[in-house]
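One chain comes next, on its own, written out as structure tokens in the form predicted alone.
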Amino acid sequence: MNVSILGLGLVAPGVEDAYRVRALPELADSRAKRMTRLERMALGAAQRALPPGMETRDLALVFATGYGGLASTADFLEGIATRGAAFGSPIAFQQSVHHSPAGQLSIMLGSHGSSLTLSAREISGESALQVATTLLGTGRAERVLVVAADEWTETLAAGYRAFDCSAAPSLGEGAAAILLGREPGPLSVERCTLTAHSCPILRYPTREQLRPLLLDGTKPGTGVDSVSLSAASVAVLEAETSVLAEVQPPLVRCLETAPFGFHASAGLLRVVAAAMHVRASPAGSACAVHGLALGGGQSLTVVRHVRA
């Protein structure tokens, strides 16, 4: 089902910030002072995606995160490890659960609609996008706000190093939001396909595994003229580039992982960036956003500038 993109929000590091968000969004509501770093990034992206004055009471929310509030999780576990179970912080525990930001977003935005949280490793954002299109397609909601956010912590960096996850060395963080609706709009999500492959849990799909979906979404006749690659590692980038060499005429390559750093929500950040790219392109232009997850997950999302 084609669904319209009605708003876009992005909180991402600048090039000079080495993939970390140095300045959190300014939030006027005094309640935001009690929110965690992850929640502040998510709320900042969400507010940027919502048109001014939009009624949000019936707005549905789908929140995605690969790892949740890692800083709060570390605080909670360190308290127990160093001082005993009686000293586990109840506040840190509450903020550590993956769905905590969704609750905070619903409160801050005044939303009483459906609220769902998804976690699917490095394609969490794309998974949330697919769920949102289902909510719209089945009539469960008229508008859905999709938000994805993940934060950088030294604990996460140490984990990737310890388990040799073959991730790009540029671990990052950020948040993205997309407002989707059933009414016509200038941009649309034309496709959001998810699949999985048999693969070791800490490795990405092979070239031959990722090839069919990537080619199917970019082949002649689809109207796709640009592509955003996962590029989660040097090996993945080489595999994606090799597959796309089969597509003629060649596609414009844009908006890979590098500008945002590698993190579990980077896929939705690239979808938002792709939507901004096609919005500035001629009507009919479309960008395919390719995503991969450790353990075999794969996604292919197509956003299009709808013809007048």
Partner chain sequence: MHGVAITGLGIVSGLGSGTEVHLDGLRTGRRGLHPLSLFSLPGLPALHVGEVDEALVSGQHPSRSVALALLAARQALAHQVLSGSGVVAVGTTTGGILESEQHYLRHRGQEGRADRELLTYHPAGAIADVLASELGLSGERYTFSTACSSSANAIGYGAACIRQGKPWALAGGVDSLCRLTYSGFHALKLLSSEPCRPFDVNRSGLSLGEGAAFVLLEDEEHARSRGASVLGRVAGWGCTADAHHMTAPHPEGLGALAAMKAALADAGVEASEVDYVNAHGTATPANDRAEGLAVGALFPSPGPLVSSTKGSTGHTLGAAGAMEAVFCVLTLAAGFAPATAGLSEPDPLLPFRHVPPGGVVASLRVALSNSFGFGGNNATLVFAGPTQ
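Residue numbers count along the first chain shown, from 1. The shown structure was predicted, so the numbers you read here are calculated from the model rather than taken from an experiment.
Although not depicted, the form predicted together with the partner chain is the subject of the following passage.
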Review point. Do all of 82, 88 and 201 end up near the partner chain in the model of the complex, with near meaning a heavy atom within 4.5 Å?
Key: yes
Review point. According to a 4.5 angstroms non-hydrogen atom cut-off, is residue 107 in contact with the partner chain in the model of the complex?
Key: yes
Review point. Should residue 21 be classed as touching the partner chain in the model of the complex when contacts are defined as heavy atoms within 4.5 Å?
Key: no
Practice item. Answer for residue 238 alone: is it within 4.5 Å of the partner chain in the model of the complex, judged on heavy atom distances? Key: no
**Study point:** Exercise: residue 212 in contact with the partner chain in the model of the complex, heavy atom 4.5 Å
**Key:** no
Revision key, fill the gap. None of 100, 228, 218, 188 but one has a heavy atom within 4.5 Å of the partner chain in the model of the complex; the exception is 100
Check your understanding: Which one of 171, 224, 118, 232 is close to the partner chain in the model of the complex, taking close to mean a heavy atom within 4.5 Å?
Key -> 118
**Study point:** Among 66 to 74, 42 to 50, 239 to 247, 279 to 287, the region lying within 4.5 Å of the partner chain in the model of the complex by heavy atom distance
**Key:** 66 to 74
Review point. Along 111 to 133, which positions have a non-hydrogen atom within 4.5 Å of the partner chain in the model of the complex?
Key: 111, 112, 113, 114, 115, 116, 117, 118, 119, 121, 127, 130, 131
